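Take a look at this single chain, the form predicted alone, given in structure tokens.
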Amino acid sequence: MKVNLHPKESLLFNAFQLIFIIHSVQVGVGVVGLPKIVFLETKHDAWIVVFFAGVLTSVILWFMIVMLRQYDSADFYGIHVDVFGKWLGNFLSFGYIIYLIACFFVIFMNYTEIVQVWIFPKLPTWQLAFILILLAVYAVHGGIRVIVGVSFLSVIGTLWIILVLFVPLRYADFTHIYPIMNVDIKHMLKGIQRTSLSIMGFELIMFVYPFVKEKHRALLYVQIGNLFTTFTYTLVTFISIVFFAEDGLSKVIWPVISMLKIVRLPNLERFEFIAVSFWMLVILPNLCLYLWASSKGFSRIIKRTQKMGIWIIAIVAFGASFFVKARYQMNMVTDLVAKAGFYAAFCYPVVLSIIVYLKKWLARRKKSHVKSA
């Protein structure tokens, strides 16, 4: 396996588009339940914890970009081989591919559950799963530039949902945010960990980096994308806290969708139907990027075409959807992937970047000693 990738010029995209990639892949099905999940751990300080989680993500993104800059144009799989060797590196990469496939599976299954609860209670799971997977396969077949276009359209096409979320503020009670900073460090760290499912996705920068034209600007634009996500999540959590009473936020499953129930438009009583339908545009970049990254690893490690990997992963994910039949089963899978995501997205890249930096530093020092001798 080659450490550095040198894609054709036609496959490269401008660095500023990383803003849309990072934001679109972070915002997905997790945001609809994020306020409740964090609130259960940190109560009234949930919005502050979400903000700190965004700041932590910004720091981790800095580690990732610094690691990627140690190479000419390497991706995550190439770095693994360079640092750990062929066998161990490929073994670790294969484990990460399983994590990426699991994220792909959890995203479309959770969205399917939302659609079944709010719009079509009798809709068979496999039908919507089949449609979502087919859409993702079609987009990924088009290549990375098509996926970037999907991410751009997703962000631009769903910005209006953020504005709609200001409607619940008419019924808000701002005393619900008190007392402020009343949570200890232990619960704050637990709250940050609970945000992992909602905010993860930024780790995919390690896979798309070789396809960026102006690599020296990558850090700026990924930070802007993460800043937009942090602002969105903090705002959503804050509005949820001041809108719901304490007991109310603890009992609802998807507080963001529940808040949208109060929105009324002429000739449209159930606005949440529109929001849930548009949410497919929100999760589509998630599906495409996770499928693309995992299939890219398939082609890099097993030496087969990426298109073959796309179909194999899609078929495996679709087949797995038949084994999850109850809500508690989906909750177990989601919690497991969220815990894995905390280590795979937040912890492991930092450790790997430190190892890469030390390896490169020792190599430069050894080279300088040889020249001086």
Partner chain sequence: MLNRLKWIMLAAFFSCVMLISGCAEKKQLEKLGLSTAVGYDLEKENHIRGTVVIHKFDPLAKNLTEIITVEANTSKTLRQKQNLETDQKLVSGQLRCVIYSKELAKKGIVQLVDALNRDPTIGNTVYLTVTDGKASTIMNMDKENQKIDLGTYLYNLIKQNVESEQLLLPTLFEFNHRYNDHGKDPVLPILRIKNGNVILSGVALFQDDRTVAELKGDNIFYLKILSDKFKSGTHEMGFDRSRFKKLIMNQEGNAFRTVYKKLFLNIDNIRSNTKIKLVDKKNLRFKVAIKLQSRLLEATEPLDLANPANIEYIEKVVGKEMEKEIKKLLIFFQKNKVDPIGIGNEYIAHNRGKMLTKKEWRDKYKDVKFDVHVQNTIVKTGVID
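Given the structure is predicted, the values throughout are model-derived calculations rather than measurements. Residue numbers count along the first chain shown, from 1.
There is another form of the same protein, the form predicted in complex with its partner chain; it is not shown, and what comes next is about it.
query = So which stretch, 70-78, 181-189, 206-214, 222-230, is the one near its partner chain in the predicted complex (non-hydrogen atoms, 4.5 Å)?
reply = Residues of 181-189 come within 4.5 Å of the partner.
inquiry  = Between its partner chain and D82, Q306 and A317, in the predicted complex, does every residue show a non-hydrogen atom at 4.5 Å or closer?
reply    = Heavy-atom distance to its partner chain in the predicted complex: none of the three under 4.5 Å.
In the predicted complex, the one of L88, I98, L265, I131 near its partner chain [non-hydrogen atom within 4.5 angstroms] = Comparing distances to its partner chain in the predicted complex, the residue within 4.5 Å is I131.
query = Here the chain is shown alone; which of F105, F243, F202, Y111 has a heavy atom within 4.5 Å of its partner chain in the predicted complex?
reply = Exactly one listed residue reaches within 4.5 Å, namely F243.
inquiry  = How about F271 - does it come within 4.5 Å of its partner chain in the predicted complex, if we only consider non-hydrogen atoms?
reply    = Because no heavy atom of F271 falls inside 4.5 Å of its partner chain in the predicted complex, the answer is no.
ask   = Would V137 show up as a contact with its partner chain in the predicted complex if we use heavy atoms at 4.5 Å?
value = V137: contacts its partner chain in the predicted complex.
message = Even though the partner isn't displayed, in the predicted complex is S258 close enough to its partner chain, meaning a heavy atom within 4.5 Å?
response = Output for S258 is yes: heavy atoms within 4.5 Å of its partner chain.
query = Should Q127 be counted as a contact of its partner chain in the predicted complex, where contact means heavy atoms within 4.5 Å?
reply = The answer is yes: Q127 has a heavy atom within 4.5 Å of its partner chain.
request  = Any residue of 96-118 with a heavy atom within 4.5 Å of its partner chain in the predicted complex counts; write them all down in order.
outcome  = The stretch 96-118, when checked against its partner chain in the predicted complex, contributes V117, W118 at the 4.5 Å heavy-atom cut-off.
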